[in-house]
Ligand code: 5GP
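In the form predicted alone, a lone chain appears below as structure tokens.
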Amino acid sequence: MQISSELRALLTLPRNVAIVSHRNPDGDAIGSALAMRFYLEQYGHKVHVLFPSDYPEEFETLPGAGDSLIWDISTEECKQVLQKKELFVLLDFNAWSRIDRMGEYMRQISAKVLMIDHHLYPEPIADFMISDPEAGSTCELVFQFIQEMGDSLKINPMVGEAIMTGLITDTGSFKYATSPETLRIAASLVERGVDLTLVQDRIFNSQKEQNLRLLGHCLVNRMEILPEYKTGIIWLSKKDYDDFNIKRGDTEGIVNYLLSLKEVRLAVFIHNQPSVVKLSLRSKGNLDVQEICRKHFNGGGHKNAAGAYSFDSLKSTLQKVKDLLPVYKEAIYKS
């Protein structure tokens, strides 16, 4: 990772900065945004963190999360804040479309743009771009960025805890998308005083009763295994959303339960949102679900973890997924 002299000069003098991450922010989006905020504030920057939509409840106790501005909730306040910014830091996304109307508004403002991201196919949306699809998370890149700036001592426990949140969530608690570098960073954070057990406990042991009941419903009533294609599918209807009062973030991680089955190589979670049907795909081995999402469902992501959406009905989308399985059968069996 190389940082230009222009970017160094921009960051080492106090500026008015907005840090932005993608719609439906996950642990990596929230963790990287807060880590960058706490880092930049040590240089005297005035920093606001903004998300297009609200974040899951399990991240509410992460220090600094409650200060974030949500475009869907406080649109006018977000606009007023963004108008005054000299620098936008875009984290964990690489196309304006990932932040919808917020992106349309930001493109009209003459601020410098820094993008740090680990997804495939970045669009030319930034003056300074750090993109590495091989990285396990954007938080990993934020850690490397701070080090490359020569600021290792600025990775204090607050910065470290936020970075650890992204490392854990985007690697499934270090079960996938890991590398020696990822594990070295995690070890370094622990050495700096980050409580790994505390971060894990906050993320995974703060569920509500209804979340556990929803998971039971998914596994008993909404799970279908197709052994001839080594595939598992879980789906949720609008009625399920009403019956279980499902809120944003309540379905996070459900798709991963399918991969716990020995013979399942492809896991698909399909859920009926108010205006679209959303899909989350996960895989084992070399099966590229990002390609499936990009080619057939207006989506993208990583090789083993990707997301997409469909404007067809839930029933039609479910059938389309099943119709595609013969096309990818050879790739599934080779994975």
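Heads up: residue numbers just count along the shown sequence, starting at 1. As the structure is a prediction and not an experimental result, all values here were calculated from the model.
Beyond what is shown, the protein has a form predicted together with the named molecule; the following relates to that form.
The stretch from 30-38, 44-52, 63-71, 304-312 that comes within 4.5 Å of the named molecule in the predicted bound form, counting heavy atoms only, is 304-312. At a distance threshold of 4.5 angstroms between non-hydrogen atoms, Asp151 is out of contact with the named molecule in the predicted bound form. The named molecule is not drawn, but in the predicted bound form it has a heavy atom within 4.5 Å of Lys278. Put simply, Asp100 is far from the named molecule in the predicted bound form: not one heavy atom of it is within 4.5 Å. The shortest heavy atom separation between Pro56 and the named molecule in the predicted bound form exceeds 4.5 Å. Residue in contact with the named molecule in the predicted bound form (any heavy atom within 4.5 Å), chosen from Asp195, Glu252, Glu86, Asp132: Glu252.
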